[in-house]
Every structure is written in structure tokens, then in C-alpha cells.
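The data below hold one chain only, encoded as C-alpha cells and taken in the form predicted on its own.
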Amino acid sequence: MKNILVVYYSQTGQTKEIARNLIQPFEDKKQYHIDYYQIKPEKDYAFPWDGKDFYNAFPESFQQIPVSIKKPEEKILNTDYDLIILAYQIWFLTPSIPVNSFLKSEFAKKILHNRKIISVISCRNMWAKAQVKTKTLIKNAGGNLIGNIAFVDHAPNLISVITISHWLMGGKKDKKYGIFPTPGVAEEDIKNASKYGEIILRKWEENDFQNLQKEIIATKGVYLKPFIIFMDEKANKMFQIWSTFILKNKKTRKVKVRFFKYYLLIALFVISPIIFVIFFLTSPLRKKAIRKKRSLYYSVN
């Protein structure tokens, strides 16, 4: 009997659904036993988000400042798992606070140490730098990352900002005004997550984890548009400045968070389109650099 653990945090339920569908091929086999561990902060985050709480979570999220989480069941802590699926969301270009808190905890060191791990991302579109941070946290906890899959919203960048805000702040995964796309990862992609589970299962039975990520890449399990890579890297630099600035003085935090909110809206809807035009015109000069960066972000090493 092989033991598999699915570790996840999911506010809306989307990440949980993706993880369950992905692992389904293993559920259908008698020789695999699957446990689920939902990360639970001592003080959880509400859904739908309140606007103030959402922006107020930014500095701690980006700076990867952990919060207290509830202790996993003793069974989870004491089982030797052959494979661990880590399913996570991204908050402000960083693994969500609950997931970050788990990966930095003593629980993670006990659960992940010397274990094979596959990370599963569900996000809007920018996951490259967040996955780099996650790889570091997994390595620090003693885990061995062997694969990564990213489920993303395929809507155009600015459209997805509008639809995801509608969902996260309003609590309904429906079409805003009846005309915008449904927010989040497409239902078809969520339902078809099991195809990656089938790849993982086959590679497991072939004992060929070395080539697992190559096959995930070949089946578009990870994909980054060149402009998204560029924006992710630039935004990380700006978020570093803003998060440090906000955390510097607690007395002025509320005012600075409000200014950050306005900055973010201007950056998304005014600055971003201008940058896109510039990037598009200069993209022929960036082809080699983009290929190199894609290779870096697609890698699990």
C-alpha cells in the first residue's frame, strides 16, 4: 500500500476541487491510500474578501510573514507518505499566507522531509516568481520537488482582474453584468485535471519521475506568456518596495495601504497597457532571454 497526502488551502473551493480531480486516478486504484490535509490558520481569512482586508493582507503576504496554523492530525504527522501533492493559491505574487505559514512551520519539516512533492497552482495568471519562492520553502523543509502544474485563468490580463475581483469581493463565481467571462480557472480545465493525475500515475508505475516535469510541460501543464513573465518580475520589484514601506511604521499603515490600493489600480489599468505596447514592439529583441527565463520557471530544480 502506497500512501499519498494532498495538502491544500482553498478559500473559494477551487484549489480543493482541482486537487481532488487531479488525484482521482489514484483514488481508483486499491493499492493507494490517500489522505487530505487542509491547512487551517488559527484566524482564518474570510470569503468573500472584504476590500480593506484584502489590501491589508498585502505586505505580510508578499514579505512571507507566517501566521499561526492549527496542528495537523497525528496521523498526518506520523505517516510516511510516498508522494505529497501541495495545492496552493497565489496572493500578491506569493504563495498565500496560510500555505507560506505551513511551509515555514515545524509541521512541514516533519511532513515534507525526504518526500517526493508535486506542487499544484491555481491562480489568475502570474505564478512564476511565486513558484520560485515555493521551491525554496519546500527545499528548506527538506522536501524533494519532482513536478509542478499550473492551472490559470485564460482570460486577457485586464479582463481577469475585473472578473476575479468580482468573485473574490462578491462571493459569486458568475459572469459580471452577464457579459464578462466566468472568473477563475475554466470549469473544463478543473474537470480535466485528472489527465495530469494519469500522467503522474503512469510515471509512478514506470518509476520515471526524472522525466515527469518534461511530460507536464509537453502537455501544457505549465505555460507562461512572455509579457506575463516580464510583468511578474517588474511587479515583484515594486511590491518589495511597497511592502517594506507599509510595514516600516505601524501608525501610518492604514494610509499607506490605501495609497497602495490606488497605485495597484493605476498600475493595472493605466501603466500596464502602455508597458504592453512597449514590450510588444521590443519583443523580437527578447526572444533568447524569454526562452531562458521560461526554462528556469518551468524547471522544478
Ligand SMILES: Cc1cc2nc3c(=O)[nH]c(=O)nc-3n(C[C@H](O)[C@H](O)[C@H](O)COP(=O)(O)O)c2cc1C
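Predicted model, so just to flag it, every value in this text is computed and none were measured. Start at 1 and count along the sequence shown; that's the residue number.
Just so you know, the form predicted in complex with the named molecule exists too; it's not on screen, but the next bit is about it.
Note on the partner interface in the predicted bound form: the residue among I149, A108, I90, I200 having a heavy atom within 4.5 angstroms of the named molecule is I90. Distance criterion of 4.5 Å from any heavy atom to the named molecule in the predicted bound form singles out F54 from the list Y32, F54, W242, Y37. Taking the partner from elsewhere, N125 is found to have a heavy atom lying within 4.5 Å of the named molecule in the predicted bound form. Contact check for W49: a non-hydrogen atom falls within 4.5 Å of the named molecule in the predicted bound form. In the predicted bound form, the named molecule sits beyond 4.5 Å of every heavy atom of N21. The named molecule in the predicted bound form comes within 4.5 Å of no heavy atom belonging to P284. In plain terms, the part of the chain that comes close to the named molecule in the predicted bound form, with a heavy atom within 4.5 Å, is 91-99 out of 208-216, 91-99, 189-197, 67-75. Residues from 168-183 that approach the named molecule in the predicted bound form with a non-hydrogen atom within 4.5 Å are limited to L168.
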